[in-house]
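Only one chain is given next, in structure tokens, and it is the form predicted on its own.
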Amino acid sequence: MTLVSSAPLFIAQERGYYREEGLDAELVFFRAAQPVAVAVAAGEADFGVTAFTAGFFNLAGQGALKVIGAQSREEPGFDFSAYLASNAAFANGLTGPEKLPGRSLAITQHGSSFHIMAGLLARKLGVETKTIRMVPLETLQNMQAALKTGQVDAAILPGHIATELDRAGEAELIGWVHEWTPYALGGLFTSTRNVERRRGVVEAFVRAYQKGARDYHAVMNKRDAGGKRIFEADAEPVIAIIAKYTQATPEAIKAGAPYIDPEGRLDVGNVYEQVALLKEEKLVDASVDPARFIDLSFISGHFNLPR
């Protein structure tokens, strides 16, 4: 599935930024995050942009991958991932994310980005992650179906899906992840082999990626004087590019377009926090050290660096 969070890749391809850097880039899409990491580690793909997961961290921890930049992040004021309650659960008091402990929550799989979001919320609420009963359902489509039929109490879904479910009366939108736990959703990464043997190619790809990210930022991250997000006429060409790859409507894109850093800078400390959380839950090996797989040398200005 192609999501708006990978927009810099699409923009760079459509506007010829890879070609300008001397790269003949082909975009290859996968239906889940883990196969992206596996393909890059195996040398079947040169770069990857996807969400962080337990599987990703375990593979990176083995020395196969290097995170060199950011994908997107949950940033206050930018609706992206939403908490939804089933109609039955909402009627029974599930009116906000703080009431998720003791309830069931649809996720794709244990260790997924949805699991991480639930775990970060549990930490903020001061409870153990296991108090939120996570139900792995493999796909977003299965999650939606379980939510609409009341088989689960809640789900976390991308904003463009969440707003449509809420508008149709099929579920209740009860909050946004950025309001509770801003976090680094995913990263731009390559193989350790590429970093060591093809540094010039990696640098060229990063430059093209940053050009795409800057184009997105210029028109998609705008807010008015009151802090409300706005989409003006100059956003339409970028929205059209995103629609081409995601098959989403312009309205859906606007409803769930994440914050994307214009330089691809990473919230490094939050990646450390995600790894620590998943280690506590025995989903990431105790030997995994983010310092060994995060390479800060390709992009300047990464923030929240551990001391």
Partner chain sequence: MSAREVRLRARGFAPRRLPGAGAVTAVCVFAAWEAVCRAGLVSPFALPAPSRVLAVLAEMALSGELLAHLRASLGRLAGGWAIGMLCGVLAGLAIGVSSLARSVGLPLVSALFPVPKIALLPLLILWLGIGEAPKLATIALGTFFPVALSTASGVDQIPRSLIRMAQSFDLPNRAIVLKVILPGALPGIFAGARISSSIALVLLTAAEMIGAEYGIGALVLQAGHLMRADRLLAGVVLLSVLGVAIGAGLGALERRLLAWR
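Nothing here was measured: the structure is a model prediction, and the numbers come from that model. Here the rigid core means the biggest group of C-alpha atoms that line up within 1.5 Å when the two forms are laid on top of each other. Residue numbers count along the first chain shown, from 1.
Note that the form predicted in complex with the partner chain isn't included here; everything after this is about it.
Heavy atom distance at most 4.5 Å to the partner chain in the predicted complex, all of N92, G96 and G175: No, none of N92, G96 and G175 comes within 4.5 Å of the partner chain in the predicted complex.
Given that the partner is absent here, state which listed stretch (22-30, 59-67, 237-245, 263-271) has heavy atoms within 4.5 Å of the partner chain in the predicted complex. Selected range: 59-67.
Consider the chain as shown here, without its partner, and state which of D166, E203, E179, E138 has a heavy atom within 4.5 Å of the partner chain in the predicted complex. By the 4.5 Å criterion, the partner-contacting residue is E138.
Could you check which residue among K222, R123, R199, H110 gets a heavy atom within 4.5 Å of the partner chain in the predicted complex? Selected residue: H110.
Just checking whether A146 would be counted as a contact of the partner chain in the predicted complex - the rule being heavy atoms within 4.5 angstroms. Judged by the heavy-atom cut-off of 4.5 Å, A146 is in contact with the partner chain in the predicted complex.
Given that the partner is absent here, does N142 sit within 4.5 Å of the partner chain in the predicted complex, heavy atoms only? Result yes; N142 sits at the interface with the partner chain in the predicted complex.
Given that the partner is absent here, does Q151 sit within 4.5 Å of the partner chain in the predicted complex, heavy atoms only? Although the partner chain is absent here, Q151 would touch it in the predicted complex, with heavy atoms inside 4.5 Å.
Contact of A54 with the partner chain in the predicted complex (heavy atom, 4.5 Å): Contact check for A54: yes, within 4.5 Å of the partner chain in the predicted complex.
Quick check: M134 between the shown form and the other one - does its CA shift reach 2 Å or more after fitting the rigid core? The answer is yes; the displacement is at least 2 Å.
Taking 2 Å as the cut-off, check whether the CA of A235 shifts that much or more between the shown form and the other one after a rigid core fit. It does not reach a 2 Å shift.
For R199, does the CA position differ by 2 Å or more between the shown form and the other one when the superposition is done on the rigid core? Comparing forms between the shown form and the other one, the R199 CA shifts below 2 Å.
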